[in-house]
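The data below hold one chain only, encoded as structure tokens and taken in the form predicted on its own.
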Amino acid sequence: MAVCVAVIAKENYPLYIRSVPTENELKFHYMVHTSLDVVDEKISAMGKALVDQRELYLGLLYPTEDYKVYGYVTNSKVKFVMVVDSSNPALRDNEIRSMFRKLHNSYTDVMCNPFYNPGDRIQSRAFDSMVTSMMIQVC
């Protein structure tokens, strides 16, 4: 199950972070923060190839003992980071991809809102309910 979902701006500050067990919220914030270094490494390793290809999914960033951290980057360099519970072996890579696509579509809807200022924290109820349903769906 997904335990944490984060949207990180181009300048590496959080636009949205949501974690399910709130008692470990600081731990998940730290995991998201440390994963940004891996995201930057993968983006720089791809170089111009990332611009040419349409694949924005970065895959598994790093595993820990209890969790796996996955990454996704938009064309505007906004990063999506998802922490998944590693005790669920049924969760496949293509399911993670589809979750990131849903997250990207919902983020696009937020960006299209004329009352949203790009760079502000995401406080959309629709976005929040989509993330909540995504976390419950994976359980």
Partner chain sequence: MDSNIAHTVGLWSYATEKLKALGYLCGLVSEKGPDSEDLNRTVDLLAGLGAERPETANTAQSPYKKLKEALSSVEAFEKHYLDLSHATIEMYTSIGRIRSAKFVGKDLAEFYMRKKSPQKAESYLQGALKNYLAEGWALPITHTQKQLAECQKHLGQIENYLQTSSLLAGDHHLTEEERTYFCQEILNFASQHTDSPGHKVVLPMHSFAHLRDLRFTPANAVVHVGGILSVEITVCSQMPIPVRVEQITISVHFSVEKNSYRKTAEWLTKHKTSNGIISFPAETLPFPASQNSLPALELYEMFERSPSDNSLNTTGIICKNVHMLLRRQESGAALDSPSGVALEDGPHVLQCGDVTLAPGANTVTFRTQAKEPGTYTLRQLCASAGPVCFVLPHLYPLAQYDVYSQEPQLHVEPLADSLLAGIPQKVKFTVTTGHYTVKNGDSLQLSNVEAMPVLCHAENRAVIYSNAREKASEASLRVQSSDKVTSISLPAVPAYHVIEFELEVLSLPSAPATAGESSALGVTEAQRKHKDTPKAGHCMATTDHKVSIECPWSIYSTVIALTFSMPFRTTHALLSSGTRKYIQVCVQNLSDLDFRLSDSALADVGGSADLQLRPLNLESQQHICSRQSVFFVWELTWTREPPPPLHARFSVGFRPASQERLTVSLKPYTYEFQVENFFTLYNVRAEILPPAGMELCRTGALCALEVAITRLSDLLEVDRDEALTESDEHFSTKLMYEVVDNSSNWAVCGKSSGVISMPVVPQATHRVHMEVMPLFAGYLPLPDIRLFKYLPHHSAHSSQLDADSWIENDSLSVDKHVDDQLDSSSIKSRGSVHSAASSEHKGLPMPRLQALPPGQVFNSSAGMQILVIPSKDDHVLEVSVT
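Numbering follows the first chain given and starts at 1. In this text the structure is predicted, and so the values were computed from the model without any measurement.
Although not depicted, the form predicted together with its partner chain is the subject of the following passage.
Proximity to its partner chain in the predicted complex, taken as a non-hydrogen atom within 4.5 angstroms, holds for one residue of K68, K77, H29, R97, which is H29.
Scanning V20, I122, M130, I17 against its partner chain in the predicted complex with a 4.5 Å heavy atom cut-off leaves one residue, I17. Taken together, the three residues I8, H33 and V38 all lie with some non-hydrogen atom within 4.5 angstroms of its partner chain in the predicted complex.
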